[in-house]
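Take a look at this single chain, the form predicted alone, given in structure tokens.
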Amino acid sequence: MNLILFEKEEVTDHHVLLLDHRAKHIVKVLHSDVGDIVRVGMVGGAIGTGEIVRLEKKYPFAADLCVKLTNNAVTHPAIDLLLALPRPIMLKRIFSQATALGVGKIFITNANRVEKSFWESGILDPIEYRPHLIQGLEQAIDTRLPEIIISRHFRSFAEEKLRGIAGDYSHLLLAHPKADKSLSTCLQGKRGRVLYAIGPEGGWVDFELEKLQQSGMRVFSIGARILKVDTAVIAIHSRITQELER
């Protein structure tokens, strides 16, 4: 945890009282004491410092911080992610990892090879997935939560939603190991926001590939090796970031 985050509702007269894992982190990991300064941020707001004015070092842990927010949140990420719904345990990892890497939006849709039971998972509830997004922000020292957009019906997403947002992006990219174009080739030209799509375990079926391409997505490959979905998210995000920084 590189940043201690708190909600706006937790602030009273510039003080934040921590009674959970954040207080434990201050005691057990940071080994802080009264008078020490820690880095803090408000979810959706600014980053600053918190002076420890009271600290309970034994269970139940507690830390009273006098906070001062001075710096705006980091720049809005230029990359968005589209996923065919992965298995729930993998989605938890993707939420935290993608947030740490930096994404503005995460779109989740259905696919032929997505198991129906995945849609009944509790991880699709904002109450369940929000802590995983917070973990990513704490790691990356950011306060801006990515927007999560869930579309259960693939066809309506591809034909309506995707076409409706296509103009927001300079590049719409679709990962597929059998594609004949590389990622760097597809990213040539103007620079702007990028949306990249990763399919389910087993890949997109031909119908889905056709619909996504009809909506403006360009198919690319990063090699013949087949990666797990969470590995592909990280690998492709890193490659896109490298290309955009050139």
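Computed from a predicted structure; not experimentally measured. Quick note: we count residues from 1 along the sequence shown, nothing fancier.
There is also a form predicted together with another copy of the chain; it is not shown, and the following applies to it.
ask   = When another copy of the chain is placed as it is in the predicted complex, which of 121-129, 141-149, 165-173, 80-88 ends up with heavy atoms within 4.5 Å of it?
value = So the stretch in question is 141-149.
request  = Considering only heavy atoms, tell me if L183 and another copy of the chain come within 4.5 Å of each other in the predicted complex.
outcome  = Yes, L183 is a contact residue.
request  = Would you please decide whether Q97 lies within 4.5 angstroms of another copy of the chain in the predicted complex, comparing each non-hydrogen atom pair?
outcome  = Heavy-atom contact with another copy of the chain at 4.5 Å: present for Q97.
query = Within a 4.5 Å heavy atom cut-off, is K228 in contact with another copy of the chain in the predicted complex?
reply = K228: yes, in contact with another copy of the chain in the predicted complex.
Contact label in the predicted complex: V16 to another copy of the chain, heavy atom within 4.5 Å = Heavy-atom contact with another copy of the chain at 4.5 Å: absent for V16.
message = Checking a candidate spot here: are L101, I234 and R239 all in contact with another copy of the chain in the predicted complex (at least one heavy atom each within 4.5 Å)?
response = Per the other structure, all of L101, I234 and R239 touch another copy of the chain.
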